[in-house]
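The form predicted on its own is given below as one chain in structure tokens.
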């Protein structure tokens, strides 16, 4: 029979074990799975997104005195979970929807992640998020703009970026204001898109809104994603003689298209791009002066730091580490992981349903973001209601905001100079 002292000692040992377990729990790692194209045709973009994720998690876990207005900049992990640190578990989907789906299942089943973030390519986001929905794990999408992704009645899917329904509408609002304020009348366009989910949906929206706006579509050309040559497609565009080519391409295709435009002498008044490859850092690095004058829809621009100092503060950190500025893609990804961290912190739990409920209740004001948005607040479909788009033009190798005109950092250059006049 144990003496009173022995029983007290045993109780003390048990208490120590419990306390030790609590401390260990408080310092646990919160594993979030991230699925991006780290190899394959979009590997350059995937690396930029990974850099943004790594920076965000470093700020959350270790702090940053340079960004005092940014949530979690004091460091020390997630206060709602007693300082638990975030650990990102990476998966490479190689721009392949089937690989994305299998990696989502692996991360959930084998790595036991509490949530997923991904996947940049809309068609991969579609398949990977279906797995998350089936397995009841929160999935946050920061970049994919295919409008149909938030039209599936999913319970576990959340998207912070605006979608193509808004972005394409912005194009035609831009045309309207271009005529009203700059006396430039766009009457004839050609539409050029890669043929996966994102490009196909964008093309359909552009054709629809062009008809409603009374703008003629001289040609609407789709090409196989990751093409090795675009000669016949560009010849079709050239024969249509458009004022504007509206293009939706990922990086490899965007570079190939631009080189083919120059080779075949296609020189419209403007190329109006739907972000993606046209906002990748490699686009300007590879093309040099041939990248100039392109206008692309965007969600972020460094010159908007005049309106929000957080943009420059966080960009300076990114530049000091990676020797490149944020792009719209990487800025959205940075924002995505911050939104997920905010939800997990408010949930004060790693339980999937608690995190989902916290995401539903998200309400982050615009002055806590590096995006030119009013904030982040999800509607019943999981779509952020407070996002908005801008248009940027490449001027002297840098992206400058040119629309909305009241936010413009540079006067728009229209038309583009002909290839032999640059």
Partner chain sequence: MTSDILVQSLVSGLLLGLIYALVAVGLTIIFGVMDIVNFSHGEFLMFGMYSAFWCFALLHLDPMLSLPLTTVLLFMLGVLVYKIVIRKVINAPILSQIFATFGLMILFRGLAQFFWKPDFRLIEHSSVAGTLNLLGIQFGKPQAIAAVGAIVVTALVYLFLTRTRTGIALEATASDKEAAQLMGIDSEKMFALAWGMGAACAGIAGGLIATFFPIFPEVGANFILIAFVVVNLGGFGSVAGAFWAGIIVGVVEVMGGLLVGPQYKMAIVLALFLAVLMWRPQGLLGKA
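Positions refer to the first chain, counted from 1. What you are looking at is a predicted structure, and each value in this text was computed from that prediction instead of being measured.
The same protein has a further form, the form predicted in complex with its partner chain, not shown here; the description that follows concerns it.
Within 4.5 Å of its partner chain in the predicted bound form, a heavy atom is found for none of 305, 307 and 398. With its partner chain omitted here, the record of contacts in the predicted bound form names 253-261 of 322-330, 253-261, 293-301, 342-350, defined by a heavy atom within 4.5 Å. Comment: its partner chain is not present in this chain, but in the predicted bound form one of 317, 137, 81, 221 has a heavy atom within 4.5 Å of it, namely 221. Of the residues 88, 114, 217, 287, just one reaches its partner chain in the predicted bound form with a heavy atom at 4.5 Å or closer; this is 287. Interface residue remark: residue 365 is not counted as part of the site for its partner chain in the predicted bound form, having no heavy atom within 4.5 Å.
At a distance threshold of 4.5 angstroms between non-hydrogen atoms, residue 235 is in contact with its partner chain in the predicted bound form. Of the heavy atoms in residue 41, some are within 4.5 Å of its partner chain in the predicted bound form. Although the partner is absent from this view, residue 227 contacts its partner chain in the predicted bound form, with a non-hydrogen atom inside 4.5 angstroms.
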